[in-house]
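We give structure tokens for two forms of one protein chain below, kept apart as structure 1 and structure 2.
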Structure 1
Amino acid sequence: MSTPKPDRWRALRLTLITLFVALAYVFAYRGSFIASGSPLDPRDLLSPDLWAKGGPLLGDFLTPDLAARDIEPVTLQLPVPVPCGSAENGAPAASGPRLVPSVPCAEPRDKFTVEGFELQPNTELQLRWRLPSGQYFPGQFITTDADGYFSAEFEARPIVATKDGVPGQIEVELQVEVGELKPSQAFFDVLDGVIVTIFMALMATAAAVVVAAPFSFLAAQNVTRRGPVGTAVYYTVRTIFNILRSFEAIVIATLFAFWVDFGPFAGVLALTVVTVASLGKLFSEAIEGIDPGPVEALTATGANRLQVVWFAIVPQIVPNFVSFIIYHWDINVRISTIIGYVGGGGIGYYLAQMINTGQDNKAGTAIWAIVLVVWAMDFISAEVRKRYT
């Protein structure tokens, strides 16, 4: 029976791989149709409705909350004598934030319209009466539009009647920005979260190195896999590393959060478990890839196993170990953002809070901070690796 020629075999293999990829794509497409109820269509990304919904959100993310002015309450008041003639009529301002009633005065139980101009846009305010005694009588809540305007119907209650020549006043309390721009509270909150995130990653990486480094020798077959006991130890440690690596960091973080409570401690524990498994695998593969020459030379001189490891293996793996450690610290900074999103502390926890409460500008501040930190960590880790490896 003749065997296929190499060229034909390569062509057949390429054809089979192509068919497999095409079938996988078809099944993935059908799966998305079943899950969403409608087929995926890239043209949906250009839909005007989609951009109308996502445009403002994208705008908020692109305008982070970095600076702000101090906020002080300011009360707008305008006298409206009840009944007419009991006091001098109030004169609305011609410009700026102002209240403008449809009548200069009113009789008890009269209803009139009050308009507000140049107030805070898209803000809920309470329109109320300031009584002649100085106390206030609450009125209805109103919401200004995008231009800071509102119009509401108001009633002149007998309780607001002029007393001893002092008229009742309609008023609304505003929160007005005053003073110079300075770093916002969101800026300081994000800075605090970033610092926590960086040190979470550092602590987890350091703890993982202490555990993973010695166990990686047990997971390296050229060091441990000798005899029944060594083989059993090798497979046991490799299995543990593989089991730990099979769980996503976010799942482990959720478990630790319910165990030791939500916060950075749970995040550090989750990162440590993930990093032990990942570094253990990388370290063991680095050990397996060493040059066997020095090992054979020392073994021939009668050196024991510990001496062989210390003088023949360790000098060869230090550069790789340093590279893996620094690189994984960089990775852990990114992972800690996701872990924080499920209660593991750090900038991810802050980001989740801002998104869940609809404070998109503050969420944008956190996102830009994450981008800058990841970029800086990538640059620093690359420079360190070039210097020490």
Structure 2
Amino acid sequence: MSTPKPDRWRALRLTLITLFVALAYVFAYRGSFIASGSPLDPRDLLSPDLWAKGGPLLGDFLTPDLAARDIEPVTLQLPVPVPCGSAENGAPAASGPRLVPSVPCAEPRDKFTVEGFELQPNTELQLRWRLPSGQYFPGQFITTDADGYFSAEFEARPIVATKDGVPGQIEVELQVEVGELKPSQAFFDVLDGVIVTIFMALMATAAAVVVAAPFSFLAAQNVTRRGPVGTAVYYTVRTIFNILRSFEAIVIATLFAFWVDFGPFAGVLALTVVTVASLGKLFSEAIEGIDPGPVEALTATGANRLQVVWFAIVPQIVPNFVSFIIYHWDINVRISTIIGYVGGGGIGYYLAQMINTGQDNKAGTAIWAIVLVVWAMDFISAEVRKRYT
């Protein structure tokens, strides 16, 4: 007995397949590791610089804009007579937001320091002179630190000199939050977007069911594929479903946005088209999977085609259909969160606006709303499907 020769063919095939896969990955790597128009060195991915932008962005997303107080401008003032003695010196408050100059009064062209305490932290404010005439003379911009403190050099200009016993005052305008914490504008905008989105999904799913249900029978072998006409219809409907299923809703939405203008309606139409294709396929598979016995039995009673479909097929597929429909409503809510990006309407439109204008807290609100709604839909659809089937 000789030992079996190594299977050369197998080895060759294996080598070729390995080579092909390796090549595929080389090309995939070169095709996808491109950012801002130039190849990306994977080592750069480790550099913190690249990800530095991500931190604040993520921070903003994690602190969504949900509630806000009303904002009221409040002016802090303190008389600083120029020259000294021309009017009564101002007395800085002992606590609370306050301005404290290093000198109680000044001579023209004197320089002194102004400190601010307990102002808004990390905010840019403008220091200015309020002239005796009531007009103001702008000074420099200062930024408070984390404790709401700042300290800045300030110059007493001749223009601020006391007039008719009225002294010039140093002042700063604060945006102070007043009143109760209320849902913010972003909260209401996001609520609107979310509700419109849910309804977009609902309307699209309903429209798609109305179209897909009858057509799915045409795409079911066991119902339609009889005779040359039936076979032709079967393949036509099937092919149409297949072609439409190749496109994401957002792609189709671009066309509808052109047709009916930006807005939720364009999104609904696009969603309807892809849902028809997807439901049509699922429905027709459900129909193909039925027990053929009742069909045979009812055909044998002399019932016509329509009656056979209604009495033998429909009762068998209703639970499947209901489950698919709810599942698709769920999916459609997800898709409509992005369809607004090109089609307009719904939460996607708002999100796109916020991201494009760099209002990341508000974008965060929208993202959390999406997460919440998708979760809720997921839960409800799972519960209903569990109960119904």
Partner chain sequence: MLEVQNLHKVYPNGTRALTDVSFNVEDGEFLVVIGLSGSGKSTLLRCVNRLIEPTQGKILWDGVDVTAATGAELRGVRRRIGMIFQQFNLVKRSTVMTNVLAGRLGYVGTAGSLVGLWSAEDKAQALRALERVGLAEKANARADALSGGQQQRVAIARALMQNPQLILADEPVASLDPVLSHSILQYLEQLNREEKITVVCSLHFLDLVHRYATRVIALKDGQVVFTGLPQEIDKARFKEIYGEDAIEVKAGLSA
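Note that this is a predicted model, so its numbers are computed, not measured. Think of the rigid core as the biggest set of C-alphas that the two forms share within 1.5 Å after superposition. The first residue in the sequence of structure 1 is number 1, and each one after it adds one.
Only structure 2 matches the form predicted in complex with its partner chain. Annotation: rigid-body hinge motion between the two structures, rotation of the minor part against the major part equal to 16 degrees. After superposition on the rigid core, the Cα atom of residue 73 is displaced by 2.9 Å between the two structures. Comparison between the two structures places the CA of residue 14 10.0 angstrom away from its other position, after core fitting.
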